[in-house]
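One chain is shown next in structure tokens, namely the form predicted alone.
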Amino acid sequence: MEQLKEEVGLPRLGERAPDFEALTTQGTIKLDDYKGSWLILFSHPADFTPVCTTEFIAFADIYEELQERGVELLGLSVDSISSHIAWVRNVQEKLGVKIPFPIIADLNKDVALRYGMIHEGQSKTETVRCVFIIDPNQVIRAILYYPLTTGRNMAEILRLVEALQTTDEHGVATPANWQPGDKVIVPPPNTQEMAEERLGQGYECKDWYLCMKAL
């Protein structure tokens, strides 16, 4: 494990997502299959476990909203493909929820190690709850880590996707607690002259370096 970490390193924001080709519940999938669309790659510790089951139901609940935003979902754990299929069928039978997105069966931990999903302080065998948001150019734009005991917040994942897409579309930043429809931050000026001009450009400014606008 240590040797693989040294060879491939851990993913970082702004870098290209590590390539992979893996068996999933919907056939063999490669990272390149998602080129041109946003992708949320997330890991869960194990099939047939309570927190993971609630998360998969929650991911299924937001799947259509993500699709509307051009975002695909791809799950992963180190369970077998047979275990994944049995769990997905169980969730549909017992809880009435169909899981519409594929799940990687990463028995050899190849993808998990490339993405730094196994944190030995939590578990030497299971993946922690990682979320990688990858843009259409296959660049990693955001990474979230949650411990084994804590389920993820889908509203925050949706908010983060919308913030990233808003930044790309409008060339702005988003403030703390931003929600779609809120004002956004105008990039700060790079020269003294631009700073002086900024206050007269019709933005809502607290000072020259902090100006906001509605989209």
Partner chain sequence: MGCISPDGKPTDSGTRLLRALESGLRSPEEVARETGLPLFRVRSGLRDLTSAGLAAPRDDRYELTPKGSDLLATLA
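This structure is a prediction, so every number in the text was calculated from the model and none was measured. Residue numbers count along the first chain shown, from 1.
Just so you know, the form predicted in complex with the partner chain exists too; it's not on screen, but the next bit is about it.
- Listed stretches are 155-163, 50-58, 24-32, 172-180; the contact stretch with the partner chain in the predicted bound form is 24-32, by a heavy atom cutoff of 4.5 Å.
- Among heavy atoms of residue 135, none comes within 4.5 Å of the partner chain in the predicted bound form.
- In the predicted bound form, none of the heavy atoms of residue 110 sits within 4.5 Å of a heavy atom of the partner chain.
- The closest heavy atom approach of residue 75 to the partner chain in the predicted bound form falls outside 4.5 Å.
- Not displayed here, the partner chain is kept clear of residue 116 by more than 4.5 Å at the level of heavy atoms in the predicted bound form.
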